[in-house]
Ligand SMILES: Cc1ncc(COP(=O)(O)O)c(C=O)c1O
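Okay, so here's just one chain, in structure tokens, the form predicted on its own.
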């Protein structure tokens, strides 16, 4: 029998894999309660309008949900365009320059499929969200990682210039960042955009964490900068800001010819995003800025408090490198000092961060994300979008595993 295609042999998402195993252990009910600090999922509820509008829509349709336009219902595309203009000042035509996708992940994948021919190179600053390289591979492109561990987890103009190549077609920028929480300053974004323009690169701007900021960090939307609208695809969605991960609604705004290509691809791949989920997203995106600010006030205060609480507790663990985030809801931990040393209940050493993550789950019943799949070997990523008691207990279990408690 002939082998399956190489693109079908890429590894499963590491965060989803460890989360599934954590749920399996929890379901078995053996040993300590499983604490998950692994998946990027807000723990606050979505706006109440979401459930109400969706239920009313399903009732009105008597449960018969039919196909929509491939690129999403007109009302939702208009809501996206209005929200983006209010947020960034950039105007997009909702019919020709906006597409609704099956989550932000699908938007990123569609963008790469539309932009990258086989053999093209896609630049990906490292650490990166772990799905970026597989997405580029699926599109037939070569993912080119740019190591930014020594520059505060942020790409510099010098590093971007050093990776110039005729086959480069696009660069993916994510600010605030998953997994690091790094946020580019306005001046840093301007400088990178000027260099990207000199290299004639498309920019895929992943802005999914745009409202989750701390300590005075400011968000800059790339297409709002002079000359960048026509070479940028803005990717966002309702998963993080509105705590609607399972609804799977994202969106992409960009030049008409790219959005048209993405629409064509989507018409063959999904037909359209879920009709009911689009109504849910419409309810979220039509909240006024005042309503959204009121809804986020409590959750953001919780995230700020948990962030500081976790950083303070982690800083008290000798040998552990801790990187306080300026955005999103993750903390990167440098565990390289513990590799090859006795850890855990067995006292056996671990060779790498992935082995450490699996042993933490098996021995301490705490799920964390190994950062090697994010391009950061020797690091772990933990999420602080969890209840206070889970966060503190999880850190205590980590300390116990590392023989620091």
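If you're wondering where the values come from, they're calculated on a predicted model, not measured in any experiment. Numbering follows the first chain given and starts at 1.
One more form of this protein should be noted, the form predicted together with this ligand, which is absent from this view; the next part is about it.
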{"query": "Which of 267-275, 316-324, 143-151, 171-179 lines the interface with this ligand in the predicted complex (heavy atom within 4.5 Å)", "finding": "171-179"}
{"query": "Full three-residue contact with this ligand in the predicted complex, heavy atom 4.5 Å, for 104, 129 and 132", "finding": "yes"}
{"query": "Listed residue that, although this ligand is not shown, lies within 4.5 Å of it in the predicted complex (heavy atoms), from 209, 184, 242, 92", "finding": "209"}
{"query": "Contact residue in the predicted complex, from 80, 108, 283, 234 (heavy atom within 4.5 Å of this ligand)", "finding": "108"}
{"query": "Residue contact check: residue 248 to this ligand in the predicted complex, 4.5 Å heavy atom", "finding": "yes"}
